[in-house]
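Only one chain is shown below, in structure tokens, and it's the form predicted on its own.
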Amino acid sequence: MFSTVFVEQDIYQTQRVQSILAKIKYKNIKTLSRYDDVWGKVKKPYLQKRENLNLFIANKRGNLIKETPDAYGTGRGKHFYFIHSYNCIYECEYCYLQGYFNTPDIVFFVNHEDIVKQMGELIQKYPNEELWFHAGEFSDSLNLSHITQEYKIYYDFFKNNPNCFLELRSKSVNIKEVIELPPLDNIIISFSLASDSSAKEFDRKCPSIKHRLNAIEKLAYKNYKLGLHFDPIIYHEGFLEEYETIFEQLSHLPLETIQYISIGVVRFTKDVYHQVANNYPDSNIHKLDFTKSFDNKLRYNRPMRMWVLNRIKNSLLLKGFQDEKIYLCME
């Protein structure tokens, strides 16, 4: 999978790093003092990931947990995201990572105990708040979890801290690490879903919607808590009918397992939009005009996106999903 693996010297001999190295394929391996002495120092085209993808294994330093932007989560409590990895093996045409980092090379951070320590400090800092911790902001939280195997560390922490919540955001069907442990009420596995034609066109290298729905069904019938993200919605002719097909399939699941549903339209920062236009100049993403919205991101104009979001929400309500579980993301 990887051309070169770079490992920080002081963790090279640790059991966790050696376990990762035993599970992957690579051509070369090198040690270095700090990953960020090399990673991202020279601009590497995003699409170079198709032929030449490197992996860095490192410790994350500094602030390991950050507060999320407004309108990121359900609106309840305080929301944070934690950084356990950078970049993704998938290649979604709209992905903001292509304009965020200088490189598509992947980083695995392995000091998970430091992350849960900071979680504990935040619990002490906000003893009367409902705290949410999200994984998957800068990577997919599940697609390589069988290699990194950090899930049990977080599982044990949230088992011992039942008043705070963990959300793992993913487009992956790699639920092996999750399903080996019993469900907890405060761990939510959430899946990003799109219309079938959008997924086929824009979610490159991702599992199909059919396979994502199969993973959701398997977890639902084993009573795992689930989140659904219909985000980003990309308008196309017949989009509503395709989403209604998905809603119909989901409506037959035990609906009490679904904790929340977010809906949002495709959106970009200015820099990311330029990268998307450069990487995918013929993409159908560009068929509709984007305008600068309230937060300086480029979106469909407000009447257009409110029409799309309301059509999606109404269709969900007609299939029996509860209004209080549906929220608009980043609006």
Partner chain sequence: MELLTCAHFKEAESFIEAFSFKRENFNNLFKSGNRLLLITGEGPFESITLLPYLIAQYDISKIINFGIVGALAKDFKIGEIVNVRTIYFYLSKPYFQSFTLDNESKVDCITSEDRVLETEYATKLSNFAHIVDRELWPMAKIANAHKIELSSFKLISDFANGEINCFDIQSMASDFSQKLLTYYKNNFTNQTPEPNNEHVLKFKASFSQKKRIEKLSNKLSYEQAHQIINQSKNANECIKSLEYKINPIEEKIENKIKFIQGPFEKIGANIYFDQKKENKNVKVTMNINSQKNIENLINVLSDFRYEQIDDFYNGNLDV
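Numbering follows the first chain given and starts at 1. On a predicted model such as this, the values are computed, not experimentally measured, just so you know.
Just so it is clear, the following notes concern the form predicted together with the partner chain, a form of the same protein that is not shown.
Asker: Candidate spot Y154, T245 and L318, all three in 4.5 Å heavy atom range of the partner chain in the model of the complex?
Answerer: Not one of the three qualifies.
Asker: Taking 4.5 angstroms as the cut-off for heavy atoms, does V38 touch the partner chain in the model of the complex?
Answerer: Residue-level check for V38: yes, a contact with the partner chain.
Asker: Looking at the partner-bound form in the model of the complex, is Q322 within 4.5 Å of the partner chain by any heavy atom?
Answerer: Although the partner chain is absent here, Q322 would stay clear of it in the model of the complex, with no heavy atoms inside 4.5 Å.
Asker: Can you tell me whether K44 touches the partner chain? I mean in the model of the complex, with a 4.5 angstroms heavy atom cut-off.
Answerer: Yes - in the model of the complex, heavy atoms of K44 and the partner chain come within 4.5 Å of each other.
Asker: Is the gap between Q275 and the partner chain in the model of the complex 4.5 Å or less for some heavy atom pair?
Answerer: Q275 lies outside the contact set for the partner chain.
Asker: Go through Y224, Y90, Y235, W132 and name the one with a heavy atom inside 4.5 Å of the partner chain in the model of the complex.
Answerer: That would be Y235.
Asker: Among N59, Q48, S33, T269, which has at least one heavy atom within 4.5 Å of the partner chain in the model of the complex?
Answerer: By the 4.5 Å heavy-atom cutoff, the listed residue in contact is Q48.
Asker: In the model of the complex, which residues of 1 to 31 put a heavy atom within 4.5 Å of the partner chain?
Answerer: Counting only heavy atoms within 4.5 Å of the partner chain in the model of the complex, the contacting residues of 1 to 31 are F6, K27, K30.
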